[in-house]
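Quick setup: one chain, the form predicted on its own, written in structure tokens, and binding and motion questions come after.
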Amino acid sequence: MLKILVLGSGAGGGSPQWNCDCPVCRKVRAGEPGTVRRTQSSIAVSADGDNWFLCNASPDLGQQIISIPALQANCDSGRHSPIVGAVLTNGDVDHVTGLLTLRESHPLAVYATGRVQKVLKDNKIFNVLNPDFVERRAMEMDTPLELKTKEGKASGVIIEPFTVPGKIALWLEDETAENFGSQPEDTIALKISSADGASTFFYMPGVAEMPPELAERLSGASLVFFDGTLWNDDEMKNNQVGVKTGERMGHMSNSGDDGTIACFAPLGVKRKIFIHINNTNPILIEGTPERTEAEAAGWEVSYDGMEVTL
């Protein structure tokens, strides 16, 4: 069995974004019917309900822990946390900054690709994660491994990281290099399973396109959390809140002939959930034509505090 908690369902900046007054943010900020606030994306996974591994650590992690009882300290005295580690899918600010919240000399295991581990090593601010308490572990692509606590206790959660189309984190881009200097390990997804093999799902918060090999990998899956950033490629331009397209940022659109909804239609995935949803995306509001279209195609829109058990 696997327990999954959605800590944050929004893309960078959350919803409403602090400096955005697009139509969606305006409705969410006003608390209009069919809206909820969202923090920046992350999930937590556990096989026993007691020991939890984060999948990405957003800048909103402190707020998320306060909001979710399962992640709060629970002991008679002293310090304690059910959070025993984290797995990072890339080096994006909205996926690594939350590690700084975990700096209070608590034993943790932090899993990431060699590329992302280097990003952490090269940025000395992450040294506040005391190496006496926090062990950084490199992951190999397409190699299953069981997550373990800092002390080496098995968690019952197996991860298999694999590369997906994407690009290097915005703050690490090299404008002079092809695809901004991106390498395969810069953007990964996770196949997450219980140790007994009875439960499996995919966590994929950033994906730029759906090549045939990825479609084959996902075919028939029981559950996929998938990049839901933008409804259409020019969404930020159309809302006058940015100049970059979804393609430029390394994200598929939900809609269109090459969009996520269309690409998933023939795959037979049993449960499909959008996560990492940008503040401009109209699927954030219940009852919009876009939300209705997504739901009619079998998609769910994740929300902070959502719980799934497999």
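What you are looking at is a predicted structure, and each value in this text was computed from that prediction instead of being measured. Numbering starts at 1 and runs along the sequence shown.
The same protein also has a form predicted in complex with a small molecule, omitted here; what follows describes it.
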Problem - Candidate stretches 184 to 192, 136 to 144, 114 to 122, 87 to 95, one within 4.5 Å of the small molecule in the model of the complex by heavy atom - result: 87 to 95
Practice task
Find out whether any non-hydrogen atom of H251 is located within 4.5 angstroms of the small molecule in the model of the complex, and reply yes or no.
Solution key: yes
Exercise for the section: With heavy atoms only and a cut-off of 4.5 Å, decide whether L170 touches the small molecule in the model of the complex. Expected result: yes
